[in-house]
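The chain below stands alone, shown as structure tokens; this is the form predicted alone.
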């Protein structure tokens, strides 16, 4: 990418960041945030950080953007009333000063980094062969920092339980979200018939190549979650009741396999989440395959929200 394109990308990123902060309308701010995430994906690609770019596109712009759009639609009724409670000039000036100071501190930290910047990349490259995987990102996430990755999967599950706890008592165990409206000739229904087979293949492919190339379970799970959401939004498929046994088994399956592999390491490699010599890559693939459906279902249900309907149609 040429210097001119780099400068144009930086200018667009700064403009969208500014727009997202100053936008008065919630939906406009969310649109700016999603666009900012997509441009940030291009910035990571320009920095040759393809794994980070995939994660930013899937989680940052995609899933988070969808969550914010849902929140914006729910806030629309109260947005006008909230706008009347506009903060005073002193509060706005103080907020601007604090935000500018934080931004300046972050910029100073980045600009004052020693050259070359401190990095553990040589140590990762030196020990990459012991994991058996070719992708250093996968090696770090699933071997050198496996505990962090396992806790992230468990935290997502706890987040979903917290969202379910917002359901009223009469809908506990019911179906999340509002009842879908099916329009057989609508564009959404057409896309929902065409895209899911392609998305499923892409999601599984991203998982499979993640051991040796950019990709992995989070990116693949996000693609599968997007396809499932498309089916629900089109009305071709309804959300399952959260009391369904298969839903709960899939949700806990991935983290449970991760923990079991960790406990296995105590007996065969003398440490929790340690892999026995020669079995690191097979065990990493087992964990990733088990986590894929768990993450896809967790992300989908996180986006839909708490149960709002009974399991049986009225």
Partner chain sequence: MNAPTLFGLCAAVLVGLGLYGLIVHPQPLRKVLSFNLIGSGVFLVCAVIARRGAAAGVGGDPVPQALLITAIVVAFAASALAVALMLRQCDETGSNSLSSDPGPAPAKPPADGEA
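Values in this document were obtained by computation on a predicted structure and should not be read as measured data. Residue numbers count along the first chain shown, from 1.
Although it is not shown, the form predicted in complex with the partner chain is what the next lines describe.
Colleague: Checking a candidate spot here: are 47, 52 and 74 all in contact with the partner chain in the predicted bound form (at least one heavy atom each within 4.5 Å)?
Modeller: Yes.
Colleague: Using a 4.5 Å cut on heavy atoms, which of 201, 187, 129, 113 is close to the partner chain in the predicted bound form?
Modeller: Selected option: 113.
Colleague: So which stretch, 246-254, 282-290, 266-274, 61-69, is the one near the partner chain in the predicted bound form (non-hydrogen atoms, 4.5 Å)?
Modeller: Of the stretches listed, the one contacting the partner is 61-69.
Colleague: Quick check on residue 261: any heavy atom within 4.5 Å of the partner chain in the predicted bound form?
Modeller: Taking the distances in the predicted bound form, the answer for residue 261 is no, it never comes within 4.5 Å of the partner chain.
Colleague: So in the predicted bound form, does residue 233 come within 4.5 Å of the partner chain, heavy atom to heavy atom?
Modeller: So residue 233 does not count as contacting the partner chain.
Colleague: So, residue 38 and the partner chain: in the predicted bound form, are they within 4.5 Å at any heavy atom pair?
Modeller: Residue 38: no contact with the partner chain in the predicted bound form.
Colleague: Answer with yes or no whether residue 240 is in contact with the partner chain in the predicted bound form, where contact means some heavy atom within 4.5 Å.
Modeller: Looking in the predicted bound form, residue contacts with the partner chain do not include residue 240, since no heavy atom lies within 4.5 Å.
Colleague: Pick out the residues of 125-153 whose heavy atoms come within 4.5 Å of the partner chain in the predicted bound form.
Modeller: Those in contact are 125, 136, 137, 140, 141, 148, 152.
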